[in-house]
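Next up: a single chain in structure tokens, the form predicted on its own.
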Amino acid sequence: MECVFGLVGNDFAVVAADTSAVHSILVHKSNEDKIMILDSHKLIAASGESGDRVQFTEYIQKNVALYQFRNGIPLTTAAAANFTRGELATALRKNPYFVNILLAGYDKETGPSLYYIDYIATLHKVDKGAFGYGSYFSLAMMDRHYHSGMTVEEAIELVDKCIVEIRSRLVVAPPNFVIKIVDKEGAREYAWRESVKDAAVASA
């Protein structure tokens, strides 16, 4: 029951994701970070099969770093999104990745942006987006409350409304969420919203 969503505000983009690692009826852990810091000013939030999600996002992260190492300049957010879409499209005809992505970034020239990329390599630049069962509720809340030029405080308040709605409406709702933000200062973790903590493993 994964939930990944994000939005673009005034000079920043914010992305939130649940932190549950689930297979079948089992919850393996509740502190799995599904939002990777791609580089200094980009975030990639992913949902989908756990193996595909981890492998593909790490593959994109390393290739983005390789491009910057070879050329001395980082990819723009649009270029990183198009590269990601291209790799998904190539894999689609060979060994497809079942992974859906929200890619957020900040560029000096164009400001913040958010890209929606699904598992069949559809790419759209959006102001707000979501994946997973939680998208039914988060998209509804963002349609109702989102407006352009939101401040960080307004955006986080909206993210919290989405989280509350998911927790109260979704029958198997994930308990914990991580929120990350990217702006001119860089990409960073903003906060966690936890209602369950993983129990400490007893030493043998």
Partner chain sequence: MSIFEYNGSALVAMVGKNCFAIASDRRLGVQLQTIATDFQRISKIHDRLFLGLSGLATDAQTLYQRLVFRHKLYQLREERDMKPETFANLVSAILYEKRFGPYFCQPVIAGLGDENKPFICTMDSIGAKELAKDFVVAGTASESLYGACESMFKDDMEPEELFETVSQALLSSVDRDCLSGWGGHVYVVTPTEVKERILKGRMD
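Positions refer to the first chain, counted from 1. Model, not experiment: these values are computed from the prediction.
The discussion below concerns the form predicted in complex with the partner chain, not included here.
Undergrad: Might Val152 be said to contact the partner chain in the model of the complex, defining contact as any heavy atom within 4.5 Å?
TA: No - in the model of the complex, heavy atoms of Val152 and the partner chain never come within 4.5 Å of each other.
Undergrad: Can you tell me if Tyr67 lies within 4.5 angstroms of the partner chain in the model of the complex, counting non-hydrogen atoms only?
TA: It does not: once the partner chain is placed as it appears in the model of the complex, Tyr67 has no heavy atom within 4.5 Å of it.
Undergrad: Quick one: does Leu139 come within 4.5 Å of the partner chain in the model of the complex, counting heavy atoms only?
TA: Yes, contact at 4.5 Å.
Undergrad: Taking 4.5 angstroms as the cut-off for heavy atoms, does Ala79 touch the partner chain in the model of the complex?
TA: Looking in the model of the complex, residue contacts with the partner chain do not include Ala79, since no heavy atom lies within 4.5 Å.
Undergrad: Is it true that Ala89, Ile120 and His124, all three, sit within 4.5 Å of the partner chain in the model of the complex, judged by heavy atoms?
TA: Affirmative, all three are within 4.5 Å.
Undergrad: In terms of non-hydrogen atoms within 4.5 angstroms, which of the given stretches 157 to 165, 54 to 62, 27 to 35, 131 to 139 touches the partner chain in the model of the complex?
TA: Of the options, only 131 to 139 has residues within 4.5 Å of the partner.
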